[in-house]
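Shown below, as structure tokens, is a lone chain in the form predicted on its own; questions about how it binds or moves come after it.
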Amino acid sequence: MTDRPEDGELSRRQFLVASAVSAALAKTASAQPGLPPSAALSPARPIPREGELLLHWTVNGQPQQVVIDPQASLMEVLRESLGLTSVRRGCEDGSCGSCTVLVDGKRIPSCLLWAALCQGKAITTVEGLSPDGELSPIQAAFIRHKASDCGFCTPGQVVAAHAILSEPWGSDEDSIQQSLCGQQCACGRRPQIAAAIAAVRSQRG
């Protein structure tokens, strides 16, 4: 006896195949780092409406297209369009550093940059520092040195610290403290953050 659809109903086999495909799509969406399922399953080419802009860029290693308001900040697009809420909304004037991300490898407070200026650029948030689920050296150092308290500013602090390791600062404490200009911590963890940076730098020689 075979399963055949009658009166427009799905057969058991068709139902099972459809269920398997749906599960596979959901798994694929959730497996893309830094990309929420809704974005992963979105049309390949979003259609901008009048006054909007189609932005082509790479976020945490994933090429993407997203429709944006030309006046939206990078922070707003990352948080509200892509669901990357690790990019924290803080002072919104560039002084706290809680929204720090990397743009083509350079750290920048994302609240001060128009997203439209990131056409074709590579954006990295804290999720992009551990794409395979393993902590990066600076993330592990933050844990060892207890460089986080309330955690609000931690994602931006970690991204900034990752960038500082590649910047031409000295290895002494004063230089590291100067490198953290623009990265504020209301919980007073600047000394621990500096210690984490120094530890990773010393490991690299």
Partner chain sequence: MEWIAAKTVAEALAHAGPGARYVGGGLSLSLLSERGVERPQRLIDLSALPLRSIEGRQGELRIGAMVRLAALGQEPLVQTIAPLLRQVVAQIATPAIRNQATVGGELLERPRCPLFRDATNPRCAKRLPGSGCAVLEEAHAAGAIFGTSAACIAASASELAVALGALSAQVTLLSPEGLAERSLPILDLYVEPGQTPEREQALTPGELLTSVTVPVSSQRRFGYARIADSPLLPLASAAVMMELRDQQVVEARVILGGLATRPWRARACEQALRGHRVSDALVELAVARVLDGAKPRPDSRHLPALATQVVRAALRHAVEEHATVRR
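Numbering follows the first chain given and starts at 1. A quick note: this is a predicted structure, and the numbers were derived from the prediction, not measured.
Form predicted in complex with the partner chain: not shown, discussed below.
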Answer key, the partner chain contact in the predicted bound form at 4.5 Å (heavy atoms) among Ser130, Ser81, Thr85, Ser95: the residue is Ser95
Does the 4.5 Å heavy atom contact test between Ala116 and the partner chain in the predicted bound form come out positive?
yes
Taking heavy atoms only, is Phe152 within 4.5 angstroms of the partner chain in the predicted bound form?
no
Though only this chain appears here, would Glu167 touch the partner chain in the predicted bound form if you measure heavy atom gaps against 4.5 Å?
yes
Heavy atom of Val67 within 4.5 Å of the partner chain in the predicted bound form
no
Would you give me the residues of 154 to 185 that have any heavy atom within 4.5 Å of the partner chain in the predicted bound form, in order from first to last?
Glu167, Pro168, Trp169, Gln178, Ser179, Cys181, Gly182, Gln184
